[in-house]
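Next up: just one chain, as structure tokens, the form predicted alone.
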């Protein structure tokens, strides 16, 4: 495309000449490429960034000054922000050039090490979930949930309904991604109520019918509640020929009920709780399922085979993404993988070993219980709000306005979530447990 000054703009790699573009525009009935885009003038790029040039030293100093304005807060955040201690070994090994510069392992002859790590990551998920198939990466828990819903709909293709049931307490980010995915698939989302922070099983039973393709539940929930009736939820789904999808994370899975034992057909969630800590955006989605759904699995799978010399070899297999097979046969268009993040998570789990992983999970229960009791002893505070077992986090009721308490705690160096006018969510892990005494003291001052 040629700009008004005669200079060609756009990608230098696009092969189309001005004559090619003119022919295509004429065929679709528009005058210019700009007519194909509805971009408001105030956000349209005008070929100028408006950034003054500067040298490296000045830029580094400017950025240092900017970052120095960030508040140093000890986080007691939950709701997906789960900071576990990441050992130096993970940083050191994952930053080796053969790992850090590897994108997708399309050439197995030069990527056996990386492929083996991803195969072991999948094997870890298989052991944690009890399900025989796990892929080697998804973007995050939200996209994993959405892909599970699409999988359920494909399996029920031709059935009367296309509805997915999700809990009343669901992270708004996950719900938003699910809505975006399902809107284009002509599917709908229904919501079932909670009873004191856990699934209202009787109400769910009344809502599930032959219109339902999938029932989604979480343990722990977004509020940290450990769901105690997962098997009943699975039975309700299966009695109506719907899939049961369970949301969790790699730490919780090491201690709580094995998903396969309660009838889960698909397990989704976050694996990045180990390996990357609180990444404020970057995630790593879990996706595990039954073997009969193997060819419906989105994303990438690493398999093990033998090479021409009968040596064990790892390779990407059963690639069902639209860039690999005919679009109409593809299960998903999810492309950019999280292989490097999965590698870090696998390293972290291997470093911990089964005993220390379970130990962290047990601490997530006992530390949350202990902190809730200490907060509950304060005047004007009730913790936890839900009379349930909790994992890592819990909801606190405060007589004083929750937003004001949250702001006051931030002024004292602590970050928590304000859920509404009188509810705050608090999360504790080994990463912030040492600050629990100071946190309780600060909470007493502001509450």
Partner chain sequence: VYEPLLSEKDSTTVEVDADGVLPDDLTRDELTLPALSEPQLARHYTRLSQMNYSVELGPYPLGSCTMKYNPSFTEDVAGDPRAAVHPDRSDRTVQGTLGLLHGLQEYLADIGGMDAVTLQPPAGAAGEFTGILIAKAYHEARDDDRSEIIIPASAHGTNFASAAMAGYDVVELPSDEDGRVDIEALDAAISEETAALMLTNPNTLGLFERDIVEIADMVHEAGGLLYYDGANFNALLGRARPGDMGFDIMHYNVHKTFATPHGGGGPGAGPVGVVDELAEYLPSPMVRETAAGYEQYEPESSIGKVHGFAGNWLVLVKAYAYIARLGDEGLADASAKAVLNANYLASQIDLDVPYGPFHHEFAATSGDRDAADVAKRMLDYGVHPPTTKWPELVPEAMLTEPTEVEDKASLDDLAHAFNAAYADSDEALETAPSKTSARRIDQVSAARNPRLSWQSLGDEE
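For clarity, every value in this text was computed on a predicted model and none was experimentally measured. Numbering follows the first chain given and starts at 1. By rigid core we mean the largest C-alpha set that fits within 1.5 Å across both forms.
There is also a form predicted together with the partner chain; it is not shown, and the following applies to it.
Visitor: Spot the stretch among 209-217, 195-203, 371-379, 308-316 with residues whose non-hydrogen atoms come within 4.5 Å of the partner chain in the predicted bound form.
Guide: Looking at the other structure, the answer is 308-316.
Visitor: Taking heavy atoms only, is residue 264 within 4.5 angstroms of the partner chain in the predicted bound form?
Guide: Close contact is absent here: in the predicted bound form, residue 264 is far from the partner chain, nothing within 4.5 Å, heavy atoms only.
Visitor: Just to confirm, residue 177 within 4.5 Å of the partner chain in the predicted bound form by heavy atoms?
Guide: Yes, residue 177 lies within 4.5 Å of the partner chain in the predicted bound form.
Visitor: Can you check whether residue 105 is within 4.5 Å of the partner chain in the predicted bound form, heavy atom basis?
Guide: Residue 105: contacts the partner chain in the predicted bound form.
Visitor: Please check if residue 247 has a heavy atom lying within 4.5 Å of any heavy atom of the partner chain in the predicted bound form.
Guide: No, residue 247 is distant from the partner.
Visitor: Residue by residue through 286-303, tell me which have a non-hydrogen atom within 4.5 angstroms of the partner chain in the predicted bound form.
Guide: Contacting residues: 294, 295, 300, 301, 302, 303.
Visitor: Once the core is aligned, please say if the CA of residue 56 is shifted by at least 2 angstroms between the shown form and the other one.
Guide: Result for residue 56: yes, a 2 Å-plus shift.
Visitor: Would you say whether residue 437 is displaced between the shown form and the other one, judging by a C-alpha shift of 2 Å or more on the superposed rigid core?
Guide: Residue 437: C-alpha displaced by less than 2 Å between the shown form and the other one.
Visitor: For residue 387, decide whether the Cα shift between the shown form and the other one is 2 Å or greater, given a superposition on the rigid core.
Guide: Stays below the 2 Å threshold, so no.
Visitor: With a C-alpha distance change of 3 Å or more, do residue 92 and residue 56 lie closer or farther in the predicted bound form?
Guide: Closer: residue 92 and residue 56 approach by 3 Å or more in the predicted bound form.
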